[in-house]
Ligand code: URP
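This document starts with one chain, in the form predicted on its own, laid out as structure tokens.
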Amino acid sequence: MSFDLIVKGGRTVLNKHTVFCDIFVKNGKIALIKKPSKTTNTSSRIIDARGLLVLPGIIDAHAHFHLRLGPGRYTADDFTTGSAAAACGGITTFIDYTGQGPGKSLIKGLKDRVKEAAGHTYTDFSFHCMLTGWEKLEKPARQMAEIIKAGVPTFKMFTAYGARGLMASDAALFSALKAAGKLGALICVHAENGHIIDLLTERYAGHKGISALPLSHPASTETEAVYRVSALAASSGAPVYFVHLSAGGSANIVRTARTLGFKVMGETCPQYLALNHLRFKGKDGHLYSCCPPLRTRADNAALWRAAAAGELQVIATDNCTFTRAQKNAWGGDIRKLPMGLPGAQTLLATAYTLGVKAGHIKIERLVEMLCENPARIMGLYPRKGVIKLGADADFAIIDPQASRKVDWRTMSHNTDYSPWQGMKLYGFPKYTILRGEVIAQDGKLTNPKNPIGQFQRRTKPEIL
């Protein structure tokens, strides 16, 4: 039989175990998996993966590209540069967010974002639907059903950012959770106590420095919101997924809620696993601004423990790219500082180096958090997130012995700094393969004039 691609002899994470195998690809799908053999099969391309580690393509369940900040103002990475960085980092699918304003038509918001991205991405993509301005939405449950039918079963809500019209009341959250439970959808929540943050922001804004960020967003503002929303979810009988958890206390609440049988899931990010508040010191401390902010080393350790134990389900980026010029425009006023970090190209490398190589987590568990779990939770499984017969032939193939120093000059993000600058990282992919096509090799796009990414319709989320 003739194949389009054969990946031979790699150490492969397969069925939660690591085995040596040959993988055969036909028409963008995995057609055959077998033990390494010297038997010759015809193929238009054979990748010798001996000495390499073959992973499913990484799924970034939380990304922001071409995020509108105001009239004519956007984050630095658009869908082209953002997906290029993702592809060069081993990501084969990302899930971004719709951008319609509070109370605006959900289906129009989705169609507008798909149109923005279509034809401009090197990786596959989907969107979470922003579910803001619940009280202003006309027949919100019916609109949610329409979005689910369009292939988007996940919705985003906030317990912060009231000034931007994003903060949901407890009543709105409860109502949305009840609707989602009936529809088989999933509510994803940015959990911070917006009222307390607004109060503290005004109190500490006069500090004229980045120290105002952790002072105005203490860990308690996150843990309180996680506790409250977990209780609302339990009361509604619906599942909830917390994005970008930064505090050890939040992980403890998720663990306790799950122990009690609540349908609660949690996501964290490399910056919360490996960076801490000491990065705020020095003249460039403001470049590390993100919300929630970086916490302590104790929080780093607690989040790694939770990840290793299966108490958190997903590692994602919350990629939100700005340039130095955009960050520097804050003028020392925390209220004007753009929040977010570039992270797509370094997701796999940071998680592998600072997790697996550092002994915090096993490679099989990391693959669950970067691939299989996001695919299951977000409705992409079994097409994505796993190496098995019939799945999309998406792979991130790394040389576990090869390292590279992070330098923003060699990366595809449209920015002039990296929060990981100068760090020696392992796990940058030698090959990134999407539906059987090598889209990036050794940190470079293989065909930059041909973005082949496709919108992915998703099915009912699994509750893990």
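The first residue of the shown sequence is 1; numbering continues from there. Just so it is clear, the model here is predicted, and its values are computed rather than measured.
Although it is not shown, the form predicted in complex with the named molecule is what the next lines describe.
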Verify the flagged residues Ala141, Phe174 and Leu232 against the named molecule in the model of the complex: is each one within 4.5 Å by a non-hydrogen atom?
-> no
How about Asp124: is it within 4.5 Å of the named molecule in the model of the complex, going by heavy atoms?
-> no
Does at least one non-hydrogen atom of His217 fall within 4.5 angstroms of the named molecule in the model of the complex?
-> no
Looking at the partner-bound form in the model of the complex, is His64 within 4.5 Å of the named molecule by any heavy atom?
-> yes
Taking heavy atoms and a 4.5 Å cut-off, does Met339 contact the named molecule in the model of the complex?
-> yes
Among Cys290, Met369, Ala351, Ile334, which has at least one heavy atom within 4.5 Å of the named molecule in the model of the complex?
-> Cys290
Tell me, out of Asp392, Asp96, Asp299, Asp318, which residue has a non-hydrogen atom within 4.5 angstroms of the named molecule in the model of the complex.
-> Asp318
Options 218-226, 305-313, 255-263, 154-162; stretch whose heavy atom lies within 4.5 Å of the named molecule in the model of the complex | 154-162
Give, in sequence order, every residue of 183-197 that has a heavy atom within 4.5 Å of the named molecule in the model of the complex, or say none if there are no such residues.
-> His190
